[in-house]
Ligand code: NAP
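For reference, the chain that follows is the form predicted on its own, supplied as C-alpha coordinates.
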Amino acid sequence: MATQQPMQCPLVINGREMEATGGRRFSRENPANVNQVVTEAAEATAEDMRNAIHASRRAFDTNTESWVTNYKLRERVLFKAGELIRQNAERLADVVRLEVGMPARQAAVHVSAAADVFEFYAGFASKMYGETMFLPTGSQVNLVKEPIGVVGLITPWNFPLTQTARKVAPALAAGCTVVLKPASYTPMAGYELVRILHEAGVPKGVINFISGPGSTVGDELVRSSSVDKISFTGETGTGKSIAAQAANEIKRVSLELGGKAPYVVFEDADFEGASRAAIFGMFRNAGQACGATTRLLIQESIHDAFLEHVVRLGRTLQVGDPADQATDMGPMISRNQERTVMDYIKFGQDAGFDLVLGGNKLQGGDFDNGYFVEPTIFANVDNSSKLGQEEIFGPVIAVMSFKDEEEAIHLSNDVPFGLVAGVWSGDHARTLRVARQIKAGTVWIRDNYQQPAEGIWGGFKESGMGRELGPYGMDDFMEVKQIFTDGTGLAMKPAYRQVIKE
(Lines give C-alpha, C1' and ligand atoms only; values in the text may rest on other atoms or scores of the structure.)
Protein backbone atom coordinates (compact mmCIF):
# COMPACT_ATOMS: atom_id res chain seq x y z
CA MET A 1 0.00 0.00 0.00
CA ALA A 2 1.26 3.48 -0.87
CA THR A 3 0.39 4.76 2.61
CA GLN A 4 2.92 2.50 4.32
CA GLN A 5 5.57 4.92 5.51
CA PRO A 6 7.90 6.01 4.29
CA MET A 7 6.32 5.97 0.85
CA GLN A 8 8.85 5.35 -1.94
CA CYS A 9 8.84 7.79 -4.85
CA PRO A 10 10.98 6.91 -7.91
CA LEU A 11 11.52 8.84 -11.11
CA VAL A 12 9.52 7.76 -14.17
CA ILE A 13 11.32 8.14 -17.51
CA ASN A 14 10.07 6.58 -20.74
CA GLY A 15 7.63 4.40 -18.81
CA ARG A 16 10.28 3.01 -16.44
CA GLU A 17 10.54 3.64 -12.71
CA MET A 18 14.12 4.30 -11.66
CA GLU A 19 16.40 5.93 -9.14
CA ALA A 20 18.29 9.16 -9.82
CA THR A 21 21.58 8.83 -11.69
CA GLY A 22 23.41 10.37 -8.74
CA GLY A 23 21.83 7.89 -6.34
CA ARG A 24 20.62 10.64 -4.03
CA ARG A 25 17.24 10.74 -2.28
CA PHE A 26 15.42 13.29 -0.18
CA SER A 27 12.76 12.84 2.46
CA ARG A 28 9.52 14.60 3.31
CA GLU A 29 8.28 14.82 6.87
CA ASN A 30 4.66 14.86 7.97
CA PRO A 31 3.93 18.54 8.72
CA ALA A 32 1.55 17.43 11.48
CA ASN A 33 4.27 15.26 13.04
CA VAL A 34 7.79 16.18 11.99
CA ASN A 35 9.18 13.06 13.64
CA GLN A 36 7.52 10.95 10.95
CA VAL A 37 9.14 10.65 7.50
CA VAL A 38 6.27 10.01 5.08
CA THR A 39 8.05 10.04 1.71
CA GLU A 40 11.49 9.16 0.43
CA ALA A 41 11.96 10.39 -3.12
CA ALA A 42 14.61 10.16 -5.80
CA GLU A 43 16.52 13.43 -6.11
CA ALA A 44 16.94 13.83 -9.84
CA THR A 45 19.95 15.38 -11.51
CA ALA A 46 20.06 17.65 -14.54
CA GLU A 47 20.99 14.55 -16.55
CA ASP A 48 17.82 12.80 -15.39
CA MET A 49 15.78 15.79 -16.49
CA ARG A 50 17.46 15.82 -19.88
CA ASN A 51 16.64 12.13 -20.27
CA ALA A 52 13.01 12.80 -19.41
CA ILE A 53 12.81 15.67 -21.89
CA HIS A 54 14.40 13.48 -24.56
CA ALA A 55 11.83 10.74 -23.93
CA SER A 56 8.97 13.23 -24.24
CA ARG A 57 10.48 14.76 -27.37
CA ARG A 58 10.91 11.39 -29.02
CA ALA A 59 7.37 10.30 -28.08
CA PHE A 60 5.90 13.43 -29.63
CA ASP A 61 8.07 13.58 -32.74
CA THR A 62 7.54 9.88 -33.57
CA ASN A 63 3.84 9.99 -32.64
CA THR A 64 4.39 6.97 -30.41
CA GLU A 65 1.50 4.50 -30.63
CA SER A 66 -0.35 7.24 -32.58
CA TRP A 67 -0.71 9.27 -29.38
CA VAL A 68 -0.57 12.65 -31.13
CA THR A 69 -3.10 11.79 -33.84
CA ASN A 70 -5.39 9.22 -32.21
CA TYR A 71 -7.80 11.23 -30.10
CA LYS A 72 -9.80 8.08 -29.36
CA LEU A 73 -6.79 6.63 -27.53
CA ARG A 74 -6.35 9.84 -25.53
CA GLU A 75 -10.05 9.88 -24.69
CA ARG A 76 -9.93 6.30 -23.37
CA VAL A 77 -6.79 6.91 -21.31
CA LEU A 78 -8.17 10.03 -19.64
CA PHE A 79 -11.53 8.45 -18.84
CA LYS A 80 -9.75 5.43 -17.37
CA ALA A 81 -7.46 7.67 -15.33
CA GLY A 82 -10.48 9.41 -13.81
CA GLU A 83 -11.98 6.03 -12.98
CA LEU A 84 -8.76 4.81 -11.37
CA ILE A 85 -8.46 7.98 -9.29
CA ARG A 86 -11.91 7.28 -7.87
CA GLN A 87 -11.08 3.61 -7.25
CA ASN A 88 -7.93 4.65 -5.36
CA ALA A 89 -9.51 7.65 -3.65
CA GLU A 90 -8.88 6.57 -0.07
CA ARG A 91 -5.21 5.87 -0.64
CA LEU A 92 -4.70 9.09 -2.63
CA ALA A 93 -6.39 11.11 0.11
CA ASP A 94 -3.97 9.53 2.61
CA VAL A 95 -1.02 10.61 0.46
CA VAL A 96 -2.26 14.20 0.34
CA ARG A 97 -3.05 14.22 4.05
CA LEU A 98 0.42 12.93 4.94
CA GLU A 99 2.45 15.18 2.62
CA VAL A 100 0.40 18.38 2.84
CA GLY A 101 -1.24 18.09 6.25
CA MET A 102 -4.62 18.62 4.59
CA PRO A 103 -7.52 17.51 6.83
CA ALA A 104 -9.08 14.22 5.79
CA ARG A 105 -12.46 15.73 4.88
CA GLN A 106 -10.80 18.22 2.54
CA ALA A 107 -8.40 15.66 1.09
CA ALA A 108 -11.30 13.43 0.03
CA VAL A 109 -12.92 16.29 -1.89
CA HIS A 110 -9.54 17.20 -3.38
CA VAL A 111 -9.14 13.70 -4.84
CA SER A 112 -12.66 13.69 -6.28
CA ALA A 113 -12.03 17.07 -7.93
CA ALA A 114 -8.93 15.66 -9.66
CA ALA A 115 -11.03 12.83 -11.10
CA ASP A 116 -13.59 15.39 -12.30
CA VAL A 117 -10.87 17.20 -14.25
CA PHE A 118 -9.67 14.06 -16.04
CA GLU A 119 -13.21 13.06 -16.96
CA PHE A 120 -13.98 16.55 -18.24
CA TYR A 121 -10.95 16.68 -20.53
CA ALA A 122 -11.46 13.12 -21.71
CA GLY A 123 -14.57 14.43 -23.42
CA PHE A 124 -12.61 17.26 -25.02
CA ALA A 125 -9.96 15.02 -26.60
CA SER A 126 -12.34 14.25 -29.47
CA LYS A 127 -13.61 17.81 -29.88
CA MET A 128 -10.66 19.81 -31.15
CA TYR A 129 -12.71 21.30 -33.96
CA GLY A 130 -11.22 23.76 -36.41
CA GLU A 131 -12.85 26.16 -38.86
CA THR A 132 -13.18 26.27 -42.64
CA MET A 133 -14.21 29.12 -44.92
CA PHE A 134 -14.28 29.74 -48.67
CA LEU A 135 -13.03 33.07 -49.97
CA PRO A 136 -14.74 34.94 -52.85
CA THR A 137 -12.04 33.60 -55.18
CA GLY A 138 -13.03 30.01 -54.35
CA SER A 139 -9.85 29.47 -52.35
CA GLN A 140 -10.21 27.73 -49.00
CA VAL A 141 -8.90 28.67 -45.54
CA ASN A 142 -8.67 25.85 -42.99
CA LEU A 143 -7.87 26.76 -39.36
CA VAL A 144 -6.75 23.65 -37.52
CA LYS A 145 -5.73 23.08 -33.91
CA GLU A 146 -2.58 21.11 -33.18
CA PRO A 147 -0.85 20.09 -29.93
CA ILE A 148 1.86 22.49 -28.92
CA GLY A 149 4.41 19.69 -28.45
CA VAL A 150 6.49 18.85 -25.37
CA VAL A 151 5.27 20.65 -22.27
CA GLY A 152 7.02 21.07 -18.96
CA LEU A 153 4.63 21.19 -16.01
CA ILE A 154 5.83 22.62 -12.70
CA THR A 155 3.20 22.11 -10.02
CA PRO A 156 2.70 23.41 -6.46
CA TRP A 157 2.40 21.65 -3.12
CA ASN A 158 -0.81 23.08 -1.69
CA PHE A 159 -3.30 21.11 -3.84
CA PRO A 160 -0.98 18.58 -5.47
CA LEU A 161 -3.55 16.38 -7.23
CA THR A 162 -6.04 18.92 -8.58
CA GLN A 163 -3.40 21.47 -9.56
CA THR A 164 -1.50 18.76 -11.40
CA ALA A 165 -4.66 17.37 -13.01
CA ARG A 166 -5.50 20.84 -14.35
CA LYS A 167 -2.29 20.82 -16.35
CA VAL A 168 -1.76 17.16 -17.17
CA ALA A 169 -5.30 16.37 -18.33
CA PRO A 170 -5.69 19.14 -20.95
CA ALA A 171 -2.09 18.71 -22.13
CA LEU A 172 -2.67 15.01 -22.75
CA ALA A 173 -6.14 15.60 -24.21
CA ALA A 174 -4.57 17.96 -26.76
CA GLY A 175 -2.00 15.32 -27.78
CA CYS A 176 1.04 16.81 -26.09
CA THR A 177 3.73 14.88 -24.26
CA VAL A 178 4.68 15.88 -20.75
CA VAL A 179 7.51 16.24 -18.27
CA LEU A 180 6.07 16.71 -14.79
CA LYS A 181 8.13 18.32 -12.05
CA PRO A 182 6.20 18.44 -8.74
CA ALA A 183 6.95 20.56 -5.67
CA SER A 184 9.52 18.87 -3.43
CA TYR A 185 7.11 18.92 -0.48
CA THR A 186 4.65 16.67 -2.35
CA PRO A 187 6.51 14.33 -4.72
CA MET A 188 4.42 11.26 -3.92
CA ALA A 189 1.13 12.82 -4.96
CA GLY A 190 2.58 13.61 -8.41
CA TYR A 191 4.10 10.16 -8.77
CA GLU A 192 0.79 8.49 -7.87
CA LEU A 193 -0.94 10.40 -10.66
CA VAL A 194 1.71 9.37 -13.20
CA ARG A 195 1.49 5.75 -12.05
CA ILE A 196 -2.29 5.82 -12.54
CA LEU A 197 -1.89 7.26 -16.04
CA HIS A 198 0.42 4.44 -17.06
CA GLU A 199 -2.04 1.94 -15.62
CA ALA A 200 -4.72 3.67 -17.70
CA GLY A 201 -2.73 3.01 -20.87
CA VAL A 202 -0.65 6.09 -21.62
CA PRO A 203 2.22 5.06 -23.95
CA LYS A 204 5.82 5.07 -22.78
CA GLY A 205 7.46 8.46 -22.95
CA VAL A 206 4.22 10.42 -23.13
CA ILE A 207 4.41 11.46 -19.46
CA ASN A 208 7.65 11.53 -17.52
CA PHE A 209 8.09 12.33 -13.84
CA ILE A 210 11.09 14.07 -12.28
CA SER A 211 11.31 14.96 -8.57
CA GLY A 212 14.03 17.18 -7.21
CA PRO A 213 15.04 20.79 -6.50
CA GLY A 214 13.78 23.55 -8.74
CA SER A 215 17.24 25.14 -8.81
CA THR A 216 18.55 22.05 -10.62
CA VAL A 217 15.90 20.10 -12.47
CA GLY A 218 13.37 22.93 -12.69
CA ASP A 219 15.90 25.25 -14.32
CA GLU A 220 16.94 22.52 -16.75
CA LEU A 221 13.31 22.05 -17.77
CA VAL A 222 12.71 25.77 -18.33
CA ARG A 223 15.96 26.28 -20.27
CA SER A 224 15.66 23.29 -22.57
CA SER A 225 15.19 24.13 -26.24
CA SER A 226 13.46 20.75 -26.64
CA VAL A 227 10.54 21.92 -24.49
CA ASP A 228 7.87 23.86 -26.37
CA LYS A 229 5.81 25.12 -23.44
CA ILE A 230 6.14 25.68 -19.68
CA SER A 231 3.09 25.75 -17.44
CA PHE A 232 3.89 26.84 -13.89
CA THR A 233 1.82 27.29 -10.75
CA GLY A 234 3.50 28.84 -7.74
CA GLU A 235 4.99 31.95 -6.21
CA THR A 236 4.89 35.15 -8.26
CA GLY A 237 8.62 35.88 -8.08
CA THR A 238 9.46 32.43 -9.44
CA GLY A 239 6.87 32.89 -12.16
CA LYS A 240 8.50 36.13 -13.27
CA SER A 241 11.89 34.40 -13.51
CA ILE A 242 10.42 31.59 -15.59
CA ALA A 243 8.72 34.05 -17.92
CA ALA A 244 11.99 35.98 -18.37
CA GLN A 245 13.90 32.80 -19.22
CA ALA A 246 11.20 31.58 -21.60
CA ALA A 247 11.24 34.93 -23.38
CA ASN A 248 14.80 34.24 -24.54
CA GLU A 249 13.43 31.56 -26.87
CA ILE A 250 9.89 32.95 -27.29
CA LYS A 251 8.88 29.74 -25.54
CA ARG A 252 5.18 29.44 -24.77
CA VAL A 253 4.45 29.94 -21.09
CA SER A 254 1.42 30.07 -18.81
CA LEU A 255 1.59 31.13 -15.18
CA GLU A 256 -0.86 30.69 -12.32
CA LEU A 257 0.57 32.80 -9.52
CA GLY A 258 -0.38 34.53 -6.29
CA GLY A 259 -3.49 36.25 -5.04
CA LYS A 260 -4.80 38.66 -2.44
CA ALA A 261 -8.49 38.03 -2.79
CA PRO A 262 -11.04 40.62 -1.65
CA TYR A 263 -14.31 39.35 -0.21
CA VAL A 264 -16.82 42.21 -0.31
CA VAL A 265 -19.82 42.12 2.03
CA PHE A 266 -22.51 44.78 1.59
CA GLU A 267 -24.97 45.78 4.29
CA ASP A 268 -27.85 43.85 2.72
CA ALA A 269 -25.93 40.56 2.59
CA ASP A 270 -27.19 37.35 4.17
CA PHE A 271 -25.11 37.25 7.37
CA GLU A 272 -25.27 33.51 7.83
CA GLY A 273 -24.40 32.62 4.24
CA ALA A 274 -21.74 35.29 3.83
CA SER A 275 -19.98 34.53 7.11
CA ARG A 276 -19.85 30.78 6.49
CA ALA A 277 -18.53 31.35 2.97
CA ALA A 278 -15.91 33.74 4.35
CA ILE A 279 -14.66 31.23 6.92
CA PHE A 280 -14.52 28.53 4.23
CA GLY A 281 -12.48 30.75 1.94
CA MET A 282 -10.21 31.94 4.73
CA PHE A 283 -9.17 28.72 6.39
CA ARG A 284 -9.53 25.95 3.82
CA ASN A 285 -6.18 24.13 3.75
CA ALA A 286 -5.01 26.48 6.54
CA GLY A 287 -5.19 29.44 4.16
CA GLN A 288 -2.46 27.93 1.98
CA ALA A 289 -4.24 28.71 -1.25
CA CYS A 290 -3.72 31.35 -3.92
CA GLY A 291 -7.48 31.92 -4.03
CA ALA A 292 -7.93 32.17 -0.26
CA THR A 293 -10.09 34.94 1.16
CA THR A 294 -7.25 37.05 2.52
CA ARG A 295 -8.99 40.44 2.65
CA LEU A 296 -12.47 40.76 4.15
CA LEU A 297 -14.09 44.04 3.12
CA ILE A 298 -17.22 44.89 5.18
CA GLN A 299 -19.54 47.85 4.68
CA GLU A 300 -19.27 50.29 7.58
CA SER A 301 -22.92 50.04 8.66
CA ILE A 302 -22.59 46.32 9.45
CA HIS A 303 -18.86 46.08 10.11
CA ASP A 304 -18.93 45.35 13.83
CA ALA A 305 -21.90 42.99 13.76
CA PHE A 306 -20.68 40.99 10.77
CA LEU A 307 -17.11 40.77 12.06
CA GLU A 308 -18.40 39.50 15.40
CA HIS A 309 -20.35 36.80 13.55
CA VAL A 310 -17.27 35.73 11.57
CA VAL A 311 -15.07 35.66 14.68
CA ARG A 312 -17.66 33.55 16.52
CA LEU A 313 -17.61 31.03 13.67
CA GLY A 314 -13.81 31.09 13.56
CA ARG A 315 -13.62 30.13 17.22
CA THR A 316 -15.51 26.91 16.46
CA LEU A 317 -12.80 25.61 14.11
CA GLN A 318 -10.92 22.58 15.35
CA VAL A 319 -7.22 22.64 14.55
CA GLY A 320 -5.31 19.40 14.87
CA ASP A 321 -4.52 15.97 13.46
CA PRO A 322 -5.41 15.85 9.74
CA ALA A 323 -6.34 12.16 10.11
CA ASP A 324 -9.16 13.05 12.51
CA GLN A 325 -12.46 13.49 10.66
CA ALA A 326 -13.38 16.21 13.17
CA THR A 327 -10.37 18.37 12.23
CA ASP A 328 -11.23 21.54 10.31
CA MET A 329 -7.73 22.97 9.83
CA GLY A 330 -4.34 21.29 9.76
CA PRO A 331 -0.74 22.54 9.93
CA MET A 332 1.43 24.75 7.78
CA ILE A 333 3.36 22.86 5.12
CA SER A 334 6.80 23.50 6.64
CA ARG A 335 8.81 25.24 9.33
CA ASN A 336 9.71 28.00 6.87
CA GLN A 337 6.06 28.63 6.07
CA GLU A 338 5.15 28.62 9.75
CA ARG A 339 7.91 31.16 10.39
CA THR A 340 6.68 33.33 7.52
CA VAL A 341 3.12 33.30 8.84
CA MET A 342 4.22 34.14 12.38
CA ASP A 343 6.32 37.03 11.03
CA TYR A 344 3.21 38.49 9.36
CA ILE A 345 1.27 38.09 12.59
CA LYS A 346 4.00 39.94 14.49
CA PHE A 347 3.93 42.69 11.87
CA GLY A 348 0.17 43.09 12.34
CA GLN A 349 0.55 43.32 16.09
CA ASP A 350 3.44 45.79 15.87
CA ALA A 351 1.46 47.91 13.40
CA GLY A 352 -1.37 48.21 15.92
CA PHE A 353 -4.03 46.41 13.92
CA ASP A 354 -6.78 44.84 16.03
CA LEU A 355 -6.13 41.13 16.63
CA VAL A 356 -9.66 39.77 17.06
CA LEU A 357 -8.94 36.06 16.65
CA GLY A 358 -5.95 33.78 17.15
CA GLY A 359 -2.44 35.03 16.55
CA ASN A 360 -0.49 32.23 18.17
CA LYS A 361 1.54 29.17 17.27
CA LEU A 362 -0.29 26.29 18.89
CA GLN A 363 1.74 24.52 21.55
CA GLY A 364 1.45 21.59 23.92
CA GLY A 365 0.87 17.91 23.30
CA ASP A 366 0.80 16.86 19.65
CA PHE A 367 0.99 20.51 18.54
CA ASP A 368 4.65 20.55 19.57
CA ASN A 369 5.44 18.03 16.83
CA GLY A 370 3.87 20.00 13.98
CA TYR A 371 3.59 23.38 12.28
CA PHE A 372 0.29 24.54 13.74
CA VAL A 373 -0.88 28.18 13.75
CA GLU A 374 -4.22 29.41 15.04
CA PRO A 375 -6.84 30.81 12.66
CA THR A 376 -6.03 34.51 12.84
CA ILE A 377 -8.05 37.63 12.01
CA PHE A 378 -6.83 41.23 12.14
CA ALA A 379 -9.39 44.07 11.95
CA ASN A 380 -8.97 47.72 10.93
CA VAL A 381 -6.08 46.82 8.65
CA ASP A 382 -4.55 49.46 6.39
CA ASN A 383 -4.92 48.14 2.84
CA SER A 384 -1.59 49.70 1.86
CA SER A 385 0.29 47.73 4.54
CA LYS A 386 2.02 44.36 4.16
CA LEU A 387 -1.06 42.62 5.53
CA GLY A 388 -3.20 44.30 2.89
CA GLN A 389 -0.84 43.90 -0.07
CA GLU A 390 1.25 40.74 0.25
CA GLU A 391 0.28 37.11 -0.15
CA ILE A 392 0.73 35.43 3.25
CA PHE A 393 -0.25 31.87 2.30
CA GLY A 394 -1.50 31.03 5.74
CA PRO A 395 -4.50 31.45 8.06
CA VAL A 396 -4.14 35.21 8.52
CA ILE A 397 -6.95 37.48 7.35
CA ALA A 398 -7.01 41.27 7.00
CA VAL A 399 -10.37 42.96 7.66
CA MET A 400 -11.16 46.48 6.53
CA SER A 401 -14.29 48.57 6.08
CA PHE A 402 -15.71 50.58 3.19
CA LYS A 403 -18.33 53.28 2.92
CA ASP A 404 -19.93 52.63 -0.44
CA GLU A 405 -19.76 50.70 -3.68
CA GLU A 406 -17.10 52.95 -5.18
CA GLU A 407 -14.73 52.49 -2.25
CA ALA A 408 -15.34 48.73 -2.21
CA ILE A 409 -14.26 48.48 -5.84
CA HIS A 410 -11.23 50.70 -5.24
CA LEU A 411 -10.03 48.62 -2.28
CA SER A 412 -10.63 45.39 -4.16
CA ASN A 413 -8.42 46.48 -7.04
CA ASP A 414 -5.77 48.28 -5.00
CA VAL A 415 -3.33 45.32 -4.87
CA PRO A 416 -0.83 43.88 -7.37
CA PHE A 417 -2.87 40.69 -7.76
CA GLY A 418 -6.12 39.85 -9.54
CA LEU A 419 -6.87 36.16 -9.18
CA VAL A 420 -10.27 35.84 -7.50
CA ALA A 421 -12.81 37.88 -5.52
CA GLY A 422 -16.19 37.47 -3.86
CA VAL A 423 -19.24 39.74 -3.62
CA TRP A 424 -22.20 39.38 -1.24
CA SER A 425 -25.33 41.52 -1.51
CA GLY A 426 -29.07 41.02 -1.72
CA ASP A 427 -29.12 43.44 -4.65
CA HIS A 428 -28.38 41.32 -7.69
CA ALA A 429 -27.82 44.33 -9.97
CA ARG A 430 -25.20 45.64 -7.56
CA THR A 431 -23.38 42.33 -7.36
CA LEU A 432 -23.13 42.29 -11.15
CA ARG A 433 -21.90 45.91 -11.31
CA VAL A 434 -19.21 45.25 -8.74
CA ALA A 435 -18.20 41.91 -10.26
CA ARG A 436 -17.73 43.56 -13.65
CA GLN A 437 -15.44 46.24 -12.17
CA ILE A 438 -13.23 44.03 -10.02
CA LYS A 439 -10.05 43.12 -11.88
CA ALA A 440 -9.91 39.39 -11.24
CA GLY A 441 -10.09 36.21 -13.27
CA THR A 442 -12.97 34.85 -11.17
CA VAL A 443 -15.58 36.68 -9.11
CA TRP A 444 -17.95 34.63 -6.97
CA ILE A 445 -21.36 36.10 -6.24
CA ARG A 446 -22.94 34.84 -3.01
CA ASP A 447 -20.47 31.95 -2.83
CA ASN A 448 -16.77 31.33 -2.31
CA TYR A 449 -13.93 29.20 -3.66
CA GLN A 450 -15.95 27.15 -6.13
CA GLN A 451 -13.79 25.72 -8.93
CA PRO A 452 -15.86 23.57 -11.30
CA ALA A 453 -13.98 21.83 -14.09
CA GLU A 454 -16.38 23.51 -16.49
CA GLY A 455 -15.27 27.02 -15.46
CA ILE A 456 -11.84 28.67 -15.58
CA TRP A 457 -8.99 29.45 -13.22
CA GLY A 458 -6.42 32.17 -13.79
CA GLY A 459 -5.84 35.80 -13.03
CA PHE A 460 -5.22 39.39 -14.02
CA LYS A 461 -2.14 41.48 -13.23
CA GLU A 462 0.55 39.68 -11.19
CA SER A 463 -1.70 36.68 -10.68
CA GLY A 464 -0.44 35.30 -13.96
CA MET A 465 -1.29 34.66 -17.59
CA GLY A 466 -3.26 31.94 -19.30
CA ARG A 467 -6.28 30.01 -18.04
CA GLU A 468 -6.80 26.56 -16.60
CA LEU A 469 -9.97 24.46 -16.55
CA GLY A 470 -12.87 24.52 -18.99
CA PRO A 471 -12.48 24.78 -22.77
CA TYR A 472 -9.96 27.62 -22.32
CA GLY A 473 -7.67 25.22 -20.47
CA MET A 474 -7.20 23.32 -23.74
CA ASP A 475 -6.14 26.46 -25.58
CA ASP A 476 -2.98 26.72 -23.47
CA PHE A 477 -1.71 23.47 -24.99
CA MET A 478 -2.59 24.02 -28.66
CA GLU A 479 -1.41 26.02 -31.61
CA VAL A 480 -3.75 27.24 -34.36
CA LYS A 481 -2.51 26.72 -37.90
CA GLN A 482 -3.86 28.11 -41.17
CA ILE A 483 -3.84 25.82 -44.23
CA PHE A 484 -4.62 27.80 -47.37
CA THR A 485 -5.75 25.97 -50.53
CA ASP A 486 -6.01 27.69 -53.89
CA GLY A 487 -9.43 27.40 -55.49
CA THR A 488 -8.89 29.47 -58.64
CA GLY A 489 -6.83 27.02 -60.67
CA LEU A 490 -5.03 30.00 -62.23
CA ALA A 491 -1.32 29.89 -62.97
CA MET A 492 -1.23 33.70 -63.05
CA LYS A 493 -3.25 34.99 -60.13
CA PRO A 494 -4.15 38.68 -59.85
CA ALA A 495 -1.96 39.15 -56.77
CA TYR A 496 1.12 37.96 -58.67
CA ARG A 497 0.95 41.03 -60.96
CA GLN A 498 2.47 43.05 -58.10
CA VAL A 499 5.77 41.39 -59.11
CA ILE A 500 5.24 39.69 -62.51
CA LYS A 501 3.98 41.75 -65.48
CA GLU A 502 2.95 38.87 -67.74
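Given the structure is predicted, the values throughout are model-derived calculations rather than measurements. A residue's number is simply how far along the shown sequence it sits, counting from 1.
Keep in mind that the form predicted together with this ligand is not shown, yet the notes after this line are about it.
Participant: Pick from 84-92, 70-78, 206-214, 101-109: which stretch has non-hydrogen atoms within 4.5 Å of this ligand in the model of the complex?
Facilitator: Correct option: 206-214.
Participant: Quick check on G358: any heavy atom within 4.5 Å of this ligand in the model of the complex?
Facilitator: Contact check for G358: no, nothing within 4.5 Å of this ligand in the model of the complex.
Participant: State yes or no: in the model of the complex, is some non-hydrogen atom of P182 no more than 4.5 angstroms from a non-hydrogen atom of this ligand?
Facilitator: The answer is yes: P182 has a heavy atom within 4.5 Å of this ligand.
Participant: Are any of the heavy atoms in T238 no more than 4.5 Å from a heavy atom of this ligand in the model of the complex?
Facilitator: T238: yes, in contact with this ligand in the model of the complex.
Participant: Can you check whether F477 is within 4.5 Å of this ligand in the model of the complex, heavy atom basis?
Facilitator: So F477 does not count as contacting this ligand.
Participant: Answer with one of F393, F306, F124, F402: the residue that has a non-hydrogen atom within 4.5 Å of this ligand in the model of the complex.
Facilitator: The residue from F393, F306, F124, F402 that makes the contact is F393.
Participant: With this ligand left out of view, which of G314, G320, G348, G258 would have a heavy atom within 4.5 Å of it in the model of the complex?
Facilitator: Among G314, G320, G348, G258, a heavy atom within 4.5 Å of this ligand in the model of the complex occurs only for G258.
Participant: Pick out the residues of 319-343 whose heavy atoms come within 4.5 Å of this ligand in the model of the complex.
Facilitator: Residues within 4.5 Å: none in this stretch.
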